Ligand SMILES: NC(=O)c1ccc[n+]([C@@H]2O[C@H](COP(=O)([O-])OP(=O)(O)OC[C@H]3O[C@@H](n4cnc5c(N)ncnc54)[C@H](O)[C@@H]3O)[C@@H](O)[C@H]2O)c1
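Taking the form predicted alone, here's one chain by itself in structure tokens.
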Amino acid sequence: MRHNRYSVGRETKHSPIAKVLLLGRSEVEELLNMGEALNAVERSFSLKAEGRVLMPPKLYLDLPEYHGDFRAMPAYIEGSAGLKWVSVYPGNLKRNLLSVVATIILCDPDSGYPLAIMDGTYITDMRTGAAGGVAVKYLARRDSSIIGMIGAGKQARTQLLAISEVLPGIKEVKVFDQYRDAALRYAQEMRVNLNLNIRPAETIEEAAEADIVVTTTPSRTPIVKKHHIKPGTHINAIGADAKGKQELESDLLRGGKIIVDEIEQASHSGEINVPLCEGLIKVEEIYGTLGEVVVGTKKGRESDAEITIFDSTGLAIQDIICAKLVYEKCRGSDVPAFELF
């Protein structure tokens, strides 16, 4: 029996197609950086806009008695098929546990055999941050220099990491969290990591007075109001990922140019889901998808005064394209695998 940090189990004389890589979080972290995630996620948007992916709707398994849910996210993209199985338990934070835990199974579509089983929690953080970075690249004003972060959790970290990769000239980052200690920790940590001027904000309104506003909360009550946002602002609305969640006031959405990652998914679980259900906006009023903007079939920002809003729900194709990259980099190192069947 041979082991190394990328695998467990035994090797056999069977075809290599039957050997599966097993990758934990530390291995995935080594094999995927934000620059790579940005390129992969941008490509996934392009391929989707061109109709070159398969991605059934996200399936929810709600367990209200346990105050959480599971989500099954299958997809096929660029010769790889896979599934992300992810749980969302907000109450875990009080138990010193991760609130989002994900596993990705990457498969060979030619044989149906699994190629890798890997941690998906880090990939989820990185690809969601990368999606926000792609949105900023195409939708924010190029002279944007003030960033307002509302929410100071893990996703706020990868959002800022991605934005710093695509936007030069960031002068100030303001962060608000309902727990001031969290905002202080965020400011201290990210100041060191990114060498940026980052400070806690006293109120949501103070944080929202920015060129780019990023919301990463689990709120079910709108916390960012229309009067908080000045003309020319770009907003990444990240937190709403299930029915009933909403971070932005409906009047703010009605007055902005709304770009979604995927219209069907956003309609039932994204930032637009509540105002759609309430009849305050219509599907026809959604400007388009980020993929359409990336490939040029829809224009991005058209003036310095318009308010652009990216409604990010997270797509399985983003997970699978990043998992494929991790797998290919790992295989390139001639790592032994284990026999699953």
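Since the model is a prediction, treat every value here as computed from it, not as a measurement. All residue numbers refer to positions in the sequence shown, first residue = 1.
There is another form of the same protein, the form predicted together with the ligand; it is not shown, and what comes next is about it.
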Please determine, with the chain shown alone, which of 165 to 173, 248 to 256, 214 to 222, 139 to 147 has non-hydrogen atoms within 4.5 Å of the ligand in the predicted bound form.
-> 214 to 222
Would the ligand in the predicted bound form be within 4.5 angstroms of a non-hydrogen atom of every residue among V88, A152 and Q155?
-> yes
Consider the chain as shown here, without its partner, and state which of A182, L196, I117, A72 has a heavy atom within 4.5 Å of the ligand in the predicted bound form.
-> A182
Heavy atom within 4.5 Å of the ligand in the predicted bound form, from candidates V100, L83, M190, A210, belongs to V100
Partner contact for T313 in the predicted bound form: the ligand, 4.5 angstroms, heavy atom | yes
Touches the ligand in the predicted bound form: T124 (any heavy atom, 4.5 Å) | yes
Can any non-hydrogen atom of E262 be found within 4.5 angstroms of the ligand in the predicted bound form?
-> no
Evaluate G239 for contact with the ligand in the predicted bound form, applying a 4.5 angstroms cut-off between non-hydrogen atoms, and reply yes or no.
-> yes
Going through 29 to 54 from first to last, which residues have a non-hydrogen atom within 4.5 Å of the ligand in the predicted bound form?
-> none
